[in-house]
Structures are given as C-alpha cells and as structure tokens.
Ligand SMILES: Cc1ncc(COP(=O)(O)O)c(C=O)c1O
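Here's a solo chain for you in structure tokens, the form predicted on its own.
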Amino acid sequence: MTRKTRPQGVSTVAVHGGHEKRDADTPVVEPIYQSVNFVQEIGTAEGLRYPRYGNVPNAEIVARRVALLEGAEAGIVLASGMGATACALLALLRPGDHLLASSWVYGGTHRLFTQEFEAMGIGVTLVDPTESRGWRRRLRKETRAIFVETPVNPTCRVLDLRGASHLTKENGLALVVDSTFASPVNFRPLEHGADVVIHSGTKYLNGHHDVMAGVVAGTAPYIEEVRQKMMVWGQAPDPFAVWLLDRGLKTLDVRVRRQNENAARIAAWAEGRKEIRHVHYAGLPDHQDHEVARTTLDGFGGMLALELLGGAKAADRFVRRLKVWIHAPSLGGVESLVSEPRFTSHAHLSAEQRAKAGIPDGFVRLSVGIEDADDLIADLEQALR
C-alpha cells in the first residue's frame, strides 16, 4: 500500500518551495542571476531564456513557490500588482467580452476597468458584492469572468465567494480573486472556488517595503496565456526584485501571524475609544462580515481602518501626531503604516462618492507591522489625545 505524503505546512513551503534538490557545494541562498542574456543551445528554440519571458532562474523559483502556497498548478511573477491584474484579465478577455466585477476594488483596479478596458472594447459592469442575486442579474452572454477583491481595500470587508463561485461554475466562467490583503497564510481562494489568484507582491509576499512585484496563480495553460501578455506588455520583473521577493517569502508565515496578533489587539483597544466612531476589522465579533471571515480565513489579517470623530481635521491632526507609525501609502510590511485613502487610492473620488463607498472623511487605514503591540497602541493613544 502506498503511504500518502503529508502536505507541507505554509512556513516550510514559504522557505523551501520551488527549489530543486540542492547538491553539495551549491549555495543555500539562491544567487541573483543579474543577466539579460543566457547562452542558447545551437539549432533549436527550445530552452530559450530571457528576462522579459519570465523564465529566468530567480523568477521560476518564486513562481513555483507562489503556486505551491496557493495550491495552484502554476504561477508567474510580474513587475507590479497592477501589471498582474491587467495581464491576468487580458489573458481571459477580448474586445466584445464582458467582465463582472465587484464595485469594492482598489482605486487603480477601478480605473483599469472603467477607463482602459472600456476603451479596448471590453465591457465592465460593477456589482455591489453584497446585493442578493446581483451577479446573476447582470450576467450577459458575453460575460467571461467575475472579479472580486477580498478582503477589500481599504474598508477591510470580507466577501463570501460561494455565490460568485457557483455562478462561474454553472456558466463556465473564470472567478478571479485579488487576495493581496490576506496573503496565502490567511486565505487561499482556490480552496473556495476561485480559478485565478492575484497578489500585489509588493505587499505581504515581500513584506519589507522595498520591492514592487505582482503574482498570478492558476492552471498551467492559463498561466502560459498570462505569460504571453506579460511579454508583449513588458511587465516582467527585474531579477533583483524577484530575488528580494524570494527572500521576503521565507518569513511570510511568521510575519503575517505576528501582524494578525498585533492587529487584533489594536482593533480591540480601538473599539473602546470615544474618539473613534467605528473600527473596521473583521476579527471583531460585531463586524458585519465576522461570520464569513471566521469560517473562511485562517487569520483576520494585519489591516484595519478607523473612522475618527471630527472628520478630516481630526484625521489630519491624528496622523501628524504619530511617532512610531509611518505616514506612507503602501501596506503589508514589517513597519506599521498609516494612510488616508482620500489622498491615495481614492483621491479621484469626491468626498460624497467616498462616503457612499464607506470611506468618509476621517477614515484612516492602518497597516499593522511586527513591532511591539504595546508601543503601537501607546502611539495611537497619544495621537488621539
């Protein structure tokens, strides 16, 4: 009888996944192949390596590791999260096709859908993901895919994929999920009916605020389609950036678990503050998505948001007083960051539009790092006074 091999844990895969067997005298840490050209075999096109093709050694290792972390057949590394989103969807859509997308998406993704895709002849319909039967009612015969982002930037809402997944399976569509906020430690969309997973590797996967990258995971034939788009649109990453992403992935599990713990403590503390109107964190029992998060996520994440009483003036005063938290627009790294979406991802919207989207003036987003939670809370507390 064949003995079943126990699947490796997330930490083991994050450290070792994607590597071939190491021989004697080979380096433990993968070297940087900082070369544009690789010697090609004479008389054949097979085995041609070129950085723009995404098939050089550093990129291949990270791509295999991301696929293992997500439980996918294959993966690919691109130059940015937006590059990953664009190439992932262009591999599925052609002029005349239709995309159903959640209206709760990152500002850059919203612009890609409503301006660039529309200009290319790809129809896009934005759907309130909480609307009962909303996906089904807006389905067209030209629809080829459904796109959602969960947890949502910056409101930290957590979506239930079951309805969209059932619809895509029933109609032969692709369910594409941007899982940047969760990372594979907290959520693996393929286990919940998704077909494609996208990450901004700039965020949790790298975790050190020093790399720009994106990744896509899915079936091997589909990833090859993404590769073709990446090659044409010039979205392949630099070898050094991929090497840094490789290095960051090795601590993914321990970083995210610490960030989960810190964020949960901060959210619980913030809930009792009179200066804060509302705390957006799905780990809190009274959060509207707590049950979905509890049953689908392995951790509630390191992102939360606060709505301050006093609106924009209170937020400005709060941010200026912070000493440990850094005012910067990214997320997912070891340093704790604070940002205001009205000046970053949602600056293109009016105050009224932002309020309608659940991002009123006074809304601040916190990306919780790995510092001592007591120090982070103390800094927040003195800034609120």
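Sequential numbering from 1, following the sequence displayed. Everything numeric here is computed off the predicted structure, so don't read it as measured data.
The discussion below concerns the form predicted in complex with this ligand, not included here.
K.L.:
Consider the chain as shown here, without its partner, and state which of 82, 127, 252, 305 has a heavy atom within 4.5 Å of this ligand in the predicted bound form.
P.N.:
None of the other options qualify; the answer is 82.
K.L.:
To verify the annotation, which of these, 117, 106, 243, 135, has a non-hydrogen atom within 4.5 Å of this ligand in the predicted bound form?
P.N.:
Checking each option against this ligand in the predicted bound form, the one that comes within 4.5 Å is 106.
K.L.:
Taking 178, 181 and 203 as the candidate spot, are all three within 4.5 angstroms of this ligand in the predicted bound form by heavy atoms?
P.N.:
Checked in the predicted bound form: all three residues contact this ligand.
K.L.:
May I ask you to state whether residue 153 is within 4.5 Å of this ligand in the predicted bound form, using heavy atom distances?
P.N.:
Residue 153 belongs to the contact set for this ligand.
K.L.:
I'd like to check something about residue 149: if you look in the predicted bound form, is any of its heavy atoms closer than or equal to 4.5 Å to a heavy atom of this ligand?
P.N.:
So residue 149 counts as contacting this ligand.
K.L.:
Is the gap between residue 89 and this ligand in the predicted bound form 4.5 Å or less for some heavy atom pair?
P.N.:
No - in the predicted bound form, heavy atoms of residue 89 and this ligand never come within 4.5 Å of each other.
K.L.:
Should residue 100 be counted as a contact of this ligand in the predicted bound form, where contact means heavy atoms within 4.5 Å?
P.N.:
Flag for residue 100 set to no.
K.L.:
Where does this ligand sit in the predicted bound form: which of 253-261, 310-318, 189-197, 209-217, heavy atoms within 4.5 Å?
P.N.:
Heavy-atom contact with the partner occurs in 209-217.
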